[in-house]
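The chain below stands alone, shown as structure tokens; this is the form predicted alone.
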Amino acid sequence: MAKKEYLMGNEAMGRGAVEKGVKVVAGYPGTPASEVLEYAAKYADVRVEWCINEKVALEIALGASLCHTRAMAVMKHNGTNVALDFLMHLNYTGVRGGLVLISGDDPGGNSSQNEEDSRIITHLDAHLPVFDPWCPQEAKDMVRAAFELSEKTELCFIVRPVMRVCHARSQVSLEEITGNGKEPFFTDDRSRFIMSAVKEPEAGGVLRPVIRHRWLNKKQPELLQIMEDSPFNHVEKGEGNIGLVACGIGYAYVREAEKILGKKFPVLKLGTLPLPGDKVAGFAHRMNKLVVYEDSEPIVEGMLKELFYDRDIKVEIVGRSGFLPMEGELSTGIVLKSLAALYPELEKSVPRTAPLEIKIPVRTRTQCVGCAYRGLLHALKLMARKTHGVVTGDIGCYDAGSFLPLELQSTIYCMGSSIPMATGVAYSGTKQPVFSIIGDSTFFHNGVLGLINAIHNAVDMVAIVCDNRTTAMTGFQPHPGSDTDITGRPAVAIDIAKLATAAGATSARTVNPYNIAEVAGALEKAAKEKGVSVIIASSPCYLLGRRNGDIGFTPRKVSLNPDLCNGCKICIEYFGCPAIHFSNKKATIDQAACVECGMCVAVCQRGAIT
């Protein structure tokens, strides 16, 4: 009997890769996929690396693959965009050793700026095969299969788990750790691996990109047959002539809905792209209507409509294009509601959620108590309000400063966009001073280029880098500014101030964000300078520092004198520490929540906090 462990979906995928002899795993941290690397890093014979960004991670993985070594790249859907330039080349060249790309999607945007469906770029655009798992066990099985099929087809295989699969936990069967039995060795094949617009004499002078595109197209029939025979696609018999097409996580919700309703429907469970055309057609021939459950775009729905049109199959198809919600996460509730609309007699069997008798307030985004970024953001807010400055933001813990009560950053888009956007604001001709704020991991990921561009063009702006020495927002992963790697081994830490100075910044000041007066002084000086002035607010993340004894400040117990408090709310509305409350027109300090960082002493202009 196979040994089983209770694993998270991400851990299960890491285990699947290890079982299949993966030797190189590279990625960039991003919810919902981060734990895949952390699991693989437990195995000493696997080279696991957090990279500067996702494109670099995929490039590293392919480099290993070209030496017949099994490799895997891991990222979230936003990161797959970053890697897209490279992905749209490796699809033409193909691979040698098995290469798997895990692209974790986040329908509903639970921890992301958008809910993009990465199947669009990985399959519809790149024409690469995609596995869409419905549970941790299948996610592991798909990773295992992907390595073997990658080597068989010479194509990169995509495994696209959504957040609910990544973070679900279940019993997962463990199997023997094996490999592909090949010694690493690189063999030249320049006509294949040099992607350049040159003419190939052997092909009658046809341009190489056209030849490689033709190679990719010829792979598609092979993929179609693989998916036709895949165990990840199957048909389940049931009552009625309305078929449920359950894709990926949609299958989990359909199964749960069937259990709740006590009714078995005809189900076509799909876990692959391309679709198994014959299996799909055979299922559709017996149905009057198909309902497609998928997260989050109507990709399969659209492919089915095209397939059935070509095969002259008359069946109604509905799904995420209007019958189901067109945005947000799929859920068991949505499946139940749709089934009740199709079968009105089932309405009485759909559970009703009792209304709450109390109104639960919406939780606001904010920094943790004791976070050094709060002092930085407070000083920057005072500066921005005084000067009517524009603050462009980026992705990270500090982006909570764009919400109440701080309402500081005016823009947040994608990784590294803060500095180029600040450049554009400056180019607009506005007389307002321009500030950009970016985190250390984000700066290395995709912020360095924007900074160099701004420095080269002598843009008048202040670039602020929040340096807490870790990728705090996604779970404290190291980055190029950290002095250790994912396994804790020593690594070369890149000095941000030296990098900015070497690039030609007007100035590069390192400040302690717990010292609000020091930050304010640095901002005053930087705002008066021409060109790009860089401020590095450097202090360890409090949450991580509390674990290792390096919290970045000397604790000091603070108290509030209500007789001196005039209820100005600066500590509430400008500083926003969750340990400071307001009642009866006075501020109070929750000593149970206070971590004694002492920043509030500098915030209170009345001297009420000491």
Partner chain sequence: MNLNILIAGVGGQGNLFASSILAEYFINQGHEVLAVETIGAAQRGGSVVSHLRISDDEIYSPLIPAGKVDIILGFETLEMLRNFQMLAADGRYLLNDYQEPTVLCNMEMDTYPTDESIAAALKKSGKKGYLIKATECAREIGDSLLTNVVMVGALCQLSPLLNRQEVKQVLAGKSPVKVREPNLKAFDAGGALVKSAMGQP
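Since this is a predicted model, take the numbers as computed values, not measurements. Positions refer to the first chain, counted from 1.
One more form of this protein should be noted, the form predicted in complex with the partner chain, which is absent from this view; the next part is about it.
Novice: Counting non-hydrogen atoms within 4.5 angstroms of the partner chain in the model of the complex, say which of Leu223, Cys368, Leu324, Leu84 makes the cut.
Specialist: Only one option qualifies, and that one is Cys368.
Novice: Of the residues Ala508, Cys397, Met227, Ala379, which one places a heavy atom within 4.5 Å of the partner chain in the model of the complex?
Specialist: If I apply the 4.5 Å criterion carefully, the residue I get is Cys397.
Novice: Would you point out which of 93-101, 530-538, 443-451, 251-259 contains residues with a non-hydrogen atom within 4.5 Å of the partner chain in the model of the complex?
Specialist: Result of the contact check: 251-259.
Novice: Can you tell me if Ser583 lies within 4.5 angstroms of the partner chain in the model of the complex, counting non-hydrogen atoms only?
Specialist: Contact check for Ser583: yes, within 4.5 Å of the partner chain in the model of the complex.
Novice: Would Phe193 count as touching the partner chain in the model of the complex under a 4.5 Å heavy atom rule?
Specialist: So Phe193 does not count as contacting the partner chain.
Novice: Does any heavy atom of Thr332 come within 4.5 Å of a heavy atom of the partner chain in the model of the complex?
Specialist: Thr332 belongs to the contact set for the partner chain.
Novice: Arg363 versus the partner chain, in the model of the complex: is there a non-hydrogen atom within 4.5 Å?
Specialist: Yes, Arg363 lies within 4.5 Å of the partner chain in the model of the complex.
Novice: Would the partner chain in the model of the complex be within 4.5 angstroms of a non-hydrogen atom of every residue among Asn110, Ser170 and Glu357?
Specialist: Judged in the model of the complex, Asn110, Ser170 and Glu357 all sit within 4.5 Å of the partner chain.
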